[in-house]
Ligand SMILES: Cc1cc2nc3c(=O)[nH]c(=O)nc-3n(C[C@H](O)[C@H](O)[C@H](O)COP(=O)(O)O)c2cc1C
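Only one chain is given next, in structure tokens, and it is the form predicted alone.
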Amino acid sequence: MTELKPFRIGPIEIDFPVALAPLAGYSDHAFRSICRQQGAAYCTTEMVLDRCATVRRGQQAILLSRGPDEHPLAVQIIGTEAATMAGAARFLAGEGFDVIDLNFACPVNKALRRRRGGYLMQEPAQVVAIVEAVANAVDIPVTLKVRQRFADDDSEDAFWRIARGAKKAGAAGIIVHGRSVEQKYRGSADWNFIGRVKAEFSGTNDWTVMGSGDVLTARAALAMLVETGVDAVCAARGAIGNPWLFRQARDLAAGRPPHVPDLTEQRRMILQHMDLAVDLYGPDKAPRIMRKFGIKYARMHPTPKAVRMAFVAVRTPADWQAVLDRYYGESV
């Protein structure tokens, strides 16, 4: 048994310290809903561009879609200018989100070319200015996500300037990914660094440190909590295709064997996920959106390669149903 305590982001108390991190293209309302069902007490939306935050149509409406009882929920914003980021945060706080999360970690080339996300790890003064502007613009907690450094051979100086400056500027917490921006998701995350960050701020009750990177299983989530001492950990890639990760983490923390869903339960979850996706995207688009999730769900199947290839070929609702009937048994 591992005793895990609730954690706080500002005045918000969250009962379990394994959260669903944002992941572009995946952490939509449908996916968050099933993760919450399995024990994810805190979630964050997909990344939203600051200047598009007030647009309530098309893809932006989907990105910001949420359930009426989906709390606590953070909305993640990406951008470059303090005034624009503050305006977006003010609007989204008024829309009922609980936390504003600022992305200074995204390693995708498209973001870097536009001087967004992880690019700003090279401009710590600008990051702190953005955090200060956003914190002054809203009356809900503000967090920021950063990486250890920009380039693999950079020092950690920029990180520490950002972390200390953001705390002073009024942020409620920080999510630390233990890789460089240049590294993207290659190699291993530096959990030792994450532990050093927590130790640096260990005497601060109003500053939450969350860890990110290689939280691919429930056991890894608990291992990061124990090894680094962080207040909470964020799972992203590990939860895709395994929303049971959060339930499994709760099981392990309570000293129980981690829950392993059988094929009947997997089928039921996939069908529920598809129903939620249809509600969000419509019946024509949902199967294409769900294809990437199906490929990940296939990893839990006894014949993962065959199921993965079957999901790759899905184009229509009928295709989707045929895969389920063939590989996951009859309707239950």
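Quantities reported herein were computed from a predicted structural model and do not represent experimental measurements. Numbering starts at 1 and follows the sequence shown.
Beyond what is shown, the protein has a form predicted in complex with this ligand; the following relates to that form.
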{"query": "Partner-facing stretch of 281 to 289, 44 to 52, 264 to 272, 31 to 39, counted where any non-hydrogen atom is within 4.5 angstroms of this ligand in the predicted complex", "finding": "44 to 52"}
{"query": "Any non-hydrogen atom of residue 79 within 4.5 angstroms of this ligand in the predicted complex", "finding": "no"}
{"query": "Non-hydrogen atom contact residue 140 with this ligand in the predicted complex at 4.5 angstroms", "finding": "no"}
{"query": "Contact flag, residue 18 vs this ligand in the predicted complex, heavy atom cut 4.5 Å", "finding": "no"}
{"query": "Residue 208, heavy atom within 4.5 angstroms of this ligand in the predicted complex", "finding": "no"}
{"query": "This ligand: the contacting residue among 14, 23, 322, 314 in the predicted complex [heavy atom, 4.5 Å]", "finding": "23"}
{"query": "Contact assignment for this ligand in the predicted complex, among 103, 183, 148, 248, heavy atom within 4.5 Å", "finding": "103"}
{"query": "Stretch 163 to 184 - residues with a heavy atom within 4.5 Å of this ligand in the predicted complex", "finding": "177, 179"}
